[in-house]
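First comes one chain, alone, set out as structure tokens in the form predicted alone.
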């Protein structure tokens, strides 16, 4: 049985089944590096408060830095018999410096450690996700530029609606991911890891010593973030998991945008649409049907949406009825967080490569663009500029469409005489001018076609 950071008041050993049930080392080992950061800052504060001598402080810091080197060089293997990562790090420290390790936990609680660790983790991963989103946006722009002038079919209600530019279609997704990028950045800017909360009521260490320790730590470690502060409200700090729910919320929106993109690409690559040719290296075949080219990557991303939404809801449900301040239920916040972060990073990385491999099937698209119903709105607008009220123009075009369908005659083939039975100002020459993809695109004057650009 591994050593624990508690136990003096207990006469009986912990039940072995309960011990296994309550452990978190199997997932919170991911926080090992950050947990050592907390120990370094706390040790510096203890040294500044004269609770450690200079020699003791140096010896502890040297040992902690040794543990960080092991983590950074992949030599760190968590002891799965430990209760949690805090205990594992403490036990490693004890092996290096003996009984002196017992002083490191002076005036400190795991309640304070874990919220510090999780905030630092979220900050690190927010930066990673921002970088991956930038790559994905660049890929969307790359595909947009490849087919910059290609007319495409726009849909509402999954029904053909109007002619658009494929570039506008890809910019729409690039804009979604740009908003995601801004949301993740706003989250990053808002998160502050605090230290010094103790279990819930603060500690006897002076906040000035924490402040000095933080300054020394960031100069000494050149760590990723200089956002750490001494705690302001200790009760709020140890009970707060809003930041995780906010982060998971931002990730859920990214996932929703990815899922919508996947659904479109799956649909447009079917034989029924056949507008897109998906890159083979991200598709799979069938074990029975030799002809199949299945969009498995897109389907998996779409499928993972349930997992990512579920992770957010599970944490919100866990937190909804908890009394102040820390409760062991909050141990269960880590798996949803780690799960969503790892899934979204993998998806973003692969999707950036996937999009660059997508090809348009121009001949199929050109055939679809011959559908005269795609130009019904443009014809009605053309009549408006002839002085006809839009409601009347709408009705007239609707009747022309219905006549075309009932009598199997293309609108472009209708004679002037026939067209004038619908309205006196209609003629075949105008019909041929208006019902064309180039006109449909060029007639849209309200669009400011701005390509999103993100900083490198």
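Positions refer to the first chain, counted from 1. This structure is a prediction, so every number in the text was calculated from the model and none was measured.
A second form of this protein, the form predicted in complex with a small molecule, is not displayed here; the remarks below concern that form.
For the options 326, 166, 121, 297, the one in contact with the small molecule in the predicted bound form, meaning a heavy atom within 4.5 Å, is 326. Interface residue among 302, 92, 134, 110, judged by heavy atoms within 4.5 Å of the small molecule in the predicted bound form: 110. Although the partner is absent here, residue 24 is a contact residue: one of its heavy atoms lies within 4.5 angstroms of the small molecule in the predicted bound form.
Looking at residue 180, you'd find every heavy atom of it more than 4.5 angstroms from the small molecule in the predicted bound form.
In the predicted bound form, no heavy atom of residue 337 sits within 4.5 Å of the small molecule. Although the partner is absent here, residue 141 is not a contact residue: none of its heavy atoms lies within 4.5 angstroms of the small molecule in the predicted bound form. Judged against the small molecule in the predicted bound form with a 4.5 angstroms heavy atom cut-off, the residues 38, 191 and 228 are out of contact without exception. In plain terms, the part of the chain that comes close to the small molecule in the predicted bound form, with a heavy atom within 4.5 Å, is 329-337 out of 314-322, 329-337, 67-75, 181-189.
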